[in-house]
Structures are given as C-alpha cells and as structure tokens.
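Shown next as structure tokens: one chain only, the form predicted on its own.
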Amino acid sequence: MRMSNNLDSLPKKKILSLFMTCGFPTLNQSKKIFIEMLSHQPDIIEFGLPFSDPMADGPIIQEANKLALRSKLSTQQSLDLIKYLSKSKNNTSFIIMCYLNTVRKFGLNKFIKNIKSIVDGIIIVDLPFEEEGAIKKSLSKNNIHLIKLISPMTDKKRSQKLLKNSKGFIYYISATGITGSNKLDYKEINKNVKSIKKMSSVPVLVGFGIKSKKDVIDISKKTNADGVIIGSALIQKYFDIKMDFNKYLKSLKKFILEVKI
C-alpha cells in the first residue's frame, strides 16, 4: 500500500480543482484534454465517469456524458485513461467522480484494484451516508479518501454526521440544484463554509456555478473557502466554439491560465 496521498498535502488556500468527463468528446480527444489540463498542474483533477443518467449534473455535463457514451466508452477505458495520466500527475491529486451504479456494476473490489495507487479520492454522488460503511472501509484500506458533498440544504445534524472524520476536502455545493447553475451568493456561501469549518479541519472547496476568473477571485476574497471546483465552464467552451477541437484546446489553455490565481 502506498503511504502518501496527495490530498493530504493540498495548499492552504486558493486550491484549484478542475473537472472533466472521461471520454469526452471521444476517448482520443479526451486524452489530449487531460494532458493539457495536467500540464498546468492544478491542485486537483476530477475525472467524471460517464453515466447514462447523471441526475445531479446540469445540461452541459449531461451532454458531455452523452457524447462519451455515444463513442461506446467503457468504465475500464476511463480507468485505463486515468492510469495512463497518473504517470505524470506529480503533486496533482486525482479524484474520480461517479455514481454508485457504475461502481456496483464494475464490482467494488475490481474497481478499487484498478484505482489504488493512482487515485487519491473518490466522490460517489448518490452514495447515501447510511450505506457507505463497506465502501469507505475498502477505500480507506487502500488510502483512497471518500470525499463528501455538502449543500445548502444539508441540515446541521446531518452535516455533523457526514463531516465526522472527513478526509481530503469537502465539496461544498454553492447552489441548490444542478451543476453549472447561475448566481453565486457570497454571503450565503461564506456563512455555510464557516459553519462547515467548525465541524471539519479539511479544506472546503466551492463548486457549481464558477465560470470565470472573477468568480474565482470573489470566492477567494469574499468567503472563507479554501478553493474552487470548475467543471461545466470547462466543458461549455467546447460547445461555444462550435465543437472545433483544436480551437477548444487553445481556449481551454487560456481559461485554465486565467483561473489559476
């Protein structure tokens, strides 16, 4: 078992996590996208495993899932892609974001065997806290952190349960609803982040609705959050430039350089 986990040595502030769907738009192009992302050495890269019914994701990520699945991408191919990229991960933490059905269908033990020593953490979007026991135990044995999601709708009592012994970081969902939502309410974000910080000592990252350098700076200046997660905005650029892949890679590079504050 490897001893170190990159998530345990995240910077104190201004943590940048970038999310991208595996196999989007095609497996080969996806590899190029992740190589570009990795070249900027963000603190965290989140790999979304395509799923046919991603109900917690907004229309942009859903569309990315559709495109990846249309090219007949399998879970094994996604995991192989992450393994390939891990050779040059350096200090970047690798996170998998997926749905419970994907893990169950693949087989928990086989899944963990494929990701151990490669992945630092996993977010299983629809895994109820009450049912996480066995999965969490297997992950912990292999030094993979189970990352918790907290939303403005999570009441204090439940938050305390969820955050007890939390590892890696807390994914704070800044807006109720789905990924890629609009308005950011900094007062509300700050109030909730402060309350999370009273219950947990790991970094709190704000995700959902972060679309620009200004958003990143505002989160940093106006809230106590330790960093941001950007996903939909990275994928949106592909559709903005009419799916011209070479132009997309350039715009992605420009955007990542802008949001690294």
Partner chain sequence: MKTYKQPSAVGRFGEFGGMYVSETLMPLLLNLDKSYKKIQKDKKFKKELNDLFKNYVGRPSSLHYAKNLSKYINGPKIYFKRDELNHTGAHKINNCLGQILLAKKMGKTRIIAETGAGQHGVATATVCALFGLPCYIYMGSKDIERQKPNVFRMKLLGATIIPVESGSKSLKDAMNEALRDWIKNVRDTFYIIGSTAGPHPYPKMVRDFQSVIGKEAREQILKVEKKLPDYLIACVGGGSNAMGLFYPFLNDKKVKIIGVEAAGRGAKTEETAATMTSGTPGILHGSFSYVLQDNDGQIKEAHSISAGLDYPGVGPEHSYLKDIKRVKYYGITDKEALEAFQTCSKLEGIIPALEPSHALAYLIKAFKNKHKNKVVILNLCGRGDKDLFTAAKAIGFDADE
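Residue numbers count along the first chain shown, from 1. All values derive from a computational prediction rather than experimental measurement.
What comes next is about the form predicted in complex with its partner chain, which does not appear here.
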Seminar exercise, completed: Contact with its partner chain in the predicted complex, heavy atom within 4.5 Å, among Q160, N165, S140, S74 goes to S74
Problem set entry | Contact residue in the predicted complex, from V125, I112, L85, I118 (heavy atom within 4.5 Å of its partner chain) | V125
Seminar exercise, completed: Within 4.5 Å of its partner chain in the predicted complex, heavy atom basis, the matching stretch of 49 to 57, 199 to 207, 226 to 234, 30 to 38 is 49 to 57
For this session: Verify the contact flag for M153: yes if a non-hydrogen atom of it lies within 4.5 Å of a non-hydrogen atom of its partner chain in the predicted complex, no if not.
Result: yes
Problem set entry | Non-hydrogen atom contact L149 with its partner chain in the predicted complex at 4.5 angstroms | yes
Exercise. Taking heavy atoms only, is K187 within 4.5 angstroms of its partner chain in the predicted complex?
Worked result: no
Exercise. Taking heavy atoms and a 4.5 Å cut-off, does I170 contact its partner chain in the predicted complex?
Worked result: no
Exercise. Do all of S212, N246 and K250 end up near its partner chain in the predicted complex, with near meaning a heavy atom within 4.5 Å?
Worked result: no
Exercise. So which bits of 89 to 104 sit within 4.5 Å of its partner chain in the predicted complex, heavy atoms only?
Worked result: L100, N101, T102, R104
